[in-house]
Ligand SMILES: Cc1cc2nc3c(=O)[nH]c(=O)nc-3n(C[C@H](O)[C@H](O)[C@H](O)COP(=O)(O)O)c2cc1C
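Coming up is one lone chain in structure tokens, specifically the form predicted alone.
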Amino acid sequence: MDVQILAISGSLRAVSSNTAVLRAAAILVPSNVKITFYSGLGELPHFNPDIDIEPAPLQVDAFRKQLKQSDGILISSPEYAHGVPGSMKNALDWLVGSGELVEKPVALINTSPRATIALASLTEILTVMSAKIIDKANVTLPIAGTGLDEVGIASHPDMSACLKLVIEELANHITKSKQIK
């Protein structure tokens, strides 16, 4: 059974450890798992309930469609000033009323062991939005500051083993959920 995972980096930087870890995960996936990337985080308009009507703004509609087409979500987001980056929070705000994350399996990757507050905040936000956080698929990998790109991460024995476990746990949860339906 094929599994579609949407990867979302909370970083807008051109060179980001959060994006690199997601790209490494895509290198390591088994043949039945496909990871696609959401790349429009910085293009979403500022959330405003007054414009959250049908039809939704084009960028919002495209984001929601990608989420609907995915079986699960893989997020890696930095921490800025003890919080979730504004662009990441903005993207999530666009999903509160539309419900694409309700019961959607989510795995979280933290690339900095010091960035615990944003991870806790992101977990809380997603929980309130009724996403299904897969605890065994949430990890902290000490990637920030190493200079490793996606190939370096995917080649690193410990990091690649951990990423494979994240993908396996998320994919297994998705597959079991599909079998129940």
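Worth saying up front: this structure is predicted, and the values here are computed from it rather than measured. One rule holds for the numbers: they count along the sequence shown, beginning at 1.
One more form of this protein should be noted, the form predicted together with the named molecule, which is absent from this view; the next part is about it.
Contact annotation: the named molecule lies within 4.5 Å of heavy atoms from the stretch 112-120 in the predicted complex, the single such stretch among 147-155, 112-120, 132-140, 60-68. Under a 4.5 angstroms non-hydrogen atom cutoff, the named molecule in the predicted complex lacks residue 160 among its neighbouring residues. Among residues of the shown chain, residue 93 is not one whose heavy atoms approach the named molecule to within 4.5 Å in the predicted complex. Taking the partner from elsewhere, residue 100 is found to have every heavy atom lying beyond 4.5 Å of the named molecule in the predicted complex.
Along 59-86, residues 78, 79, 80, 81, 82 each place a heavy atom within 4.5 Å of the named molecule in the predicted complex.
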